[in-house]
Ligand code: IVH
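One chain comes next, on its own, written out as structure tokens in the form predicted on its own.
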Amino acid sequence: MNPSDLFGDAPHPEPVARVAELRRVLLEHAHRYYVLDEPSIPDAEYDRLMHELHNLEQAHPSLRSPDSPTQRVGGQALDAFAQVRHAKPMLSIRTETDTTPQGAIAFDARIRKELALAPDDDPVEYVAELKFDGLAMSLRYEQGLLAQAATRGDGEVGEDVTSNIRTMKSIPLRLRSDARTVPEVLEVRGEVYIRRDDFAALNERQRARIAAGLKNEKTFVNPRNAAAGAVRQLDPGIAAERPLRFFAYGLGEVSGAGTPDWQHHFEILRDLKDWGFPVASQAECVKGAEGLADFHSRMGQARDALPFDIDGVVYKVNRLDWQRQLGFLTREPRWAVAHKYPAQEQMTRVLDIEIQVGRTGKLTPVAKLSPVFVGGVTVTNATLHNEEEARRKDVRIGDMVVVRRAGDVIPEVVSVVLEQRSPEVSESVPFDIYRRLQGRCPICQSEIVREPGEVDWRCDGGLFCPAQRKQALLHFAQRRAMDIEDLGDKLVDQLVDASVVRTLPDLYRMGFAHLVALDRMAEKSANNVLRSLEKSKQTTLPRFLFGLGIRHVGEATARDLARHFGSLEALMAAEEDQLLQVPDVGPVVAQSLRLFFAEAHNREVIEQLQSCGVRWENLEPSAGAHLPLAGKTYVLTGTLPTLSREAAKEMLEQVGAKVAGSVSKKTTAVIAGAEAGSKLDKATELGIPVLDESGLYALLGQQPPSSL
């Protein structure tokens, strides 16, 4: 029987109520997930509720409405976008290209002059916001429902992209009206963007599609281009696959009953948030040139840690009556300015392509560039990542290329400017590492190899290759491995270049005479190095394993291996099927371990390190045993009375617990010491248990120090 037959033409009150409840719940959870970034239910539960709503609407078509969560993706592909004339023009903002604090000072001086403020008058209050590197968008709501979405276009006329924008879960289809009255007509201006992590995942999917032989697929140059391309897809189904997000920052036309009597721009941002729009949390009110310059500096320092791209900040006079008084200059508001940061992308020419050898023997092609100022520094080298990537981008010596540098990230070649490729370059062949190096490592002349299914070529010289030797020593000495405090880059360079150290055991064999013979090595420094080496001999099995630099074996995997087997001997003797029983160890890691321990010279290095006095305590093997805190998650915050954070972390991990960096609903408990901050507040808010150091010892079944 068709479900609709049970109720006739008019839906029964039960499905009506259930549909209304499902919509309310789904919209609330979508708002928490996509706007507040505070998910409250698992994805599977959200999908189950959505499926239930979809089925009910299928059975009762009269219950379907434009603001239903099920209506985000739909409609046929368009032949072209219709033009939209903006009721209120989407004007551009003047750009302040002086990236120093002087740019903020100059803007404030202009504002004070236009407002005829005296030097002793109060500082002007501004709203300082981020300048997103995305695509400007205007969203028109009528009676609280999304009626139209349009691109900026030329500022007067844009394109109707409503079908694509409806697919974005961060944009409300109906405005939330529980906190604020909703105007009859409300145009919201903002930016469509793609987060960096979403962009990386998108390109990874694109590469998989290309490898699968799908036609007309490509990777994207940067998040902005990917966002713009997604918004202008004629097929809404394709747009729905792209991870688009939205930030609101202003208004277009606002009219009719319910229009608030705003006095300040910051009030508009507050109401936009209450109506259900994402508003960047970084926006804040500041006073005077000093406040603007401080905001510009702080956001510049935080820029690379943001999950999305910005290319500057925006300053707006907060008082709306002053905005009206200041007015416009041609097509730009006098009351706002964009204060830029140094460009992160520039064009330059590839002078050569060199091959660098890394710690694991990986061969990385590096473009030698005509010097260019990008991301605040002069760049002369940019990575091409690997042969496959260099070929995909078709980078050739002599090409004009786009180079990107973001903060401390290694500069990379983003794309080739094919329009500027010369005929001579066009005749050259695609990049080929093996042919270029004639099959030999550029450092030690060992053979280069590439494993089946891998994209990277590698030198098989191991510790015999000086390039790998230096990096292997630095990896071995790092804090999370053997923690040899005084063994830094420059000293390792000297030790390897002078042939004092050829293998890891040589570190412990060299004496005072070797060290003081090095250039600029004082007696005190030599003694410090020797003391650090002696101290490092007492270590732990996980640290030693990690320090060996076995390919694919990171810190966490080394710890899991040590717990599982208990001793190095048991690990070295393990067959591949035994290795696969270790959590998170798959075939790739297992094969890497077997190959490493099968090499006679690697076993010899381990034996020699032990003969030099390197020691660790074996653990109680957990193979077949249950770790008491397996599956539990703890967070450490503040300063504990006797334990360092690293020591507490290690104690928890030895009994199977996971130590996380942030508090969530999945956190089992928080271990808090003195001066615990926001993590403790978050735990209290979520009702998560909080333990002190004594509680930690009790949890572990150990006796605390008598000082506690």
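Just count from 1 along the sequence shown to find any residue number. All values derive from a computational prediction rather than experimental measurement.
From this point on, the text means the form predicted together with ligand IVH, which you will not see here.
- Though ligand IVH is absent from this view, in the model of the complex it lies within 4.5 Å of a heavy atom of just one residue from 564, 404, 131, 296, which is 131.
- Between the options 582, 314, 550, 477, the residue in contact with ligand IVH in the model of the complex by a heavy atom within 4.5 angstroms is 314.
- Residue contact check for residue 191: one or more of its heavy atoms lie within 4.5 Å of ligand IVH in the model of the complex.
- Residue 92 belongs to the set of residues with a heavy atom inside 4.5 Å of ligand IVH in the model of the complex.
- Not displayed here, ligand IVH is kept clear of residue 277 by more than 4.5 Å at the level of heavy atoms in the model of the complex.
- Using a 4.5 Å cutoff between non-hydrogen atoms, residue 152 counts as a contact of ligand IVH in the model of the complex.
- Of the candidate stretches 327-335, 513-521, 104-112, 598-606, only 327-335 contains residues with a heavy atom within 4.5 Å of ligand IVH in the model of the complex.
- Taking a 4.5 Å heavy atom cutoff to ligand IVH in the model of the complex, the one contacting residue in 246-269 is 249.
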